[in-house]
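To begin, one chain is listed below as C-alpha cells, in the form predicted on its own.
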C-alpha cells in the first residue's frame, strides 16, 4: 500500500514538473507553429447522439441573466410557461431534438460526386494511356490474321477427336 501511494505521489510530482518546465509558449517557440490543446476526455462533454440520449453535461453551461430568470420560472408550474419558453428551456440542455438528429444530411451527394470525379479522372487517364503510352495492338488481333490462323489449324487437323478440328466438316467445307 505504501509503495502504491509513493508511486502516485512520484507520478504527480513528475507531471507537475513537466507542466512547469514545458509551457505552451515554450512548446510553440520550439516547434515554430501553434500547438493545439489536448482535449481532456475525462471531463464531462456534450454531444448530440441518438445512441446516448442524455449527454454528460448540459448544452449551455453559462447562462445570461434572462436565461437565469427563465430557469427560476421553470421551478413554478409548467402550465404557465409558453411554448417558446419551454423550447428555450429544452435548448439549455440539448442542442438538437431527435427529429433534427435523424434528419438526413446532404453528405451523400458529396460522396457520390467524389466517387464520380475519381471514376472520370481514371477514365481520362486510361484514354490518355491508350493514346500515348500503350503500344499498338499486335497484328495477331486483326480479323484477317485470325481467319488465316483458323484455316491453318483446320488444315493441320488440330485436335481431331474432341477439339477444334472435330467441329469442322472436311467433306462439305463448313462447320458442323
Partner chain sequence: MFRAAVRLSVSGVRSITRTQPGCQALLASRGYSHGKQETDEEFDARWVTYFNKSDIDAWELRKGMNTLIGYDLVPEPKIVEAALKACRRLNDLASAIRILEAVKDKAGPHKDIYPYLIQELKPTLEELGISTPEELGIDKV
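None of the values given here were measured: they were computed from a predicted structure. Residue numbers count along the first chain shown, from 1.
The same protein has a further form, the form predicted in complex with the partner chain, not shown here; the description that follows concerns it.
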Exactly one listed stretch (146-154, 34-42, 61-69, 48-56) reaches within 4.5 angstroms of the partner chain in the model of the complex by non-hydrogen atoms, and it is 48-56
Quiz item: Taking the shortest heavy atom distance, is residue 105 within 4.5 Å of the partner chain in the model of the complex?
Solution: no
May I ask whether 79, 83 and 100 each come within 4.5 Å of the partner chain in the model of the complex, counting any non-hydrogen atom? yes
